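Have a look below at one chain only, the form predicted on its own, in structure tokens format.
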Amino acid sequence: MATGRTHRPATRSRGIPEATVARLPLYLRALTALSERSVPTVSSEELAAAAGVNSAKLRKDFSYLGSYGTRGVGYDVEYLVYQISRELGLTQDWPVVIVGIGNLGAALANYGGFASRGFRVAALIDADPAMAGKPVAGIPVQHTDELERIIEDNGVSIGVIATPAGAAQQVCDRLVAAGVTSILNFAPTVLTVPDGVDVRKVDLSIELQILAFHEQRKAGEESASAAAADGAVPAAAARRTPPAEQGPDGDVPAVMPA
């Protein structure tokens, strides 16, 4: 089986937009669920609903793959699973290293979804000497002093950073210098990388802040609705109240208060 260092997916060379690439895993997840239920075909509307996109966008995305489905039948589930997996590079083995084996790093190491998607956790690395040799998810943790050798020995091109923010850039620099060309960053900081290196950032606190914004907005809308139900003046009516007279300059009341 090929490794990640010898082959890279051809999505860019084939001109598939990045937005489409970002949606392919959503389609694959939905299709995998259908495949596990032995569903042979699926319509664009059903698959779009399962993936959380509209059907027109899904059909456009699949056109980049050369897959158009069959009128009245839909898409062949197993073939689409293969086609998207191939496009994403998941039909081969991708060795991955995780750097930073705290609570988050350990949770990532124990995540069973990596192997089923073609990602093999080749090594776990941490700067704490006390962690060296301790097994996490059945894999012994190795010290960061061994980082370059580990990457070379395992042919690693994808690195996962789960360190504190202050250590992330240094770890990133070492990964890149050792030959890693794709990084998944869980550290709450922005990484600087050279051209040719791809970085995907996952910041759980940012996602929670976005959810907090929506919760606050919903609470405000509920309060406004409750006030209107209690007989308060609706906002629309308030906006219809004539403005106060203005002076010749347009921003000073014509009659000043005493």
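Each residue number is its position in the shown sequence, starting from 1. In this text, all values refer to a predicted model and were calculated from it rather than measured experimentally.
FYI, the form predicted in complex with the DNA isn't displayed, but the following is about it.
Visitor: Of these, Lys60, Arg217, Lys201, Arg29, which has a heavy atom no more than 4.5 Å from the DNA in the model of the complex?
Guide: Contact residue from the list: Lys60.
Visitor: Between the options Gly72, Gly113, Gly138, Gly166, which residue brings a heavy atom to within 4.5 Å of the DNA in the model of the complex?
Guide: After the contact test, the surviving option is Gly72.
Visitor: So which of 29-37, 186-194, 52-60, 208-216 is the stretch with heavy atoms within 4.5 Å of the DNA in the model of the complex?
Guide: In the other structure, the partner sits against 52-60.
Visitor: Just checking whether Pro17 would be counted as a contact of the DNA in the model of the complex - the rule being heavy atoms within 4.5 angstroms.
Guide: Residue-level check for Pro17: yes, a contact with the DNA.
Visitor: Do any residues of 26-52 have a non-hydrogen atom within 4.5 angstroms of the DNA in the model of the complex? If so, which ones, in sequence order?
Guide: Val42, Ser43, Ser44, in sequence order.
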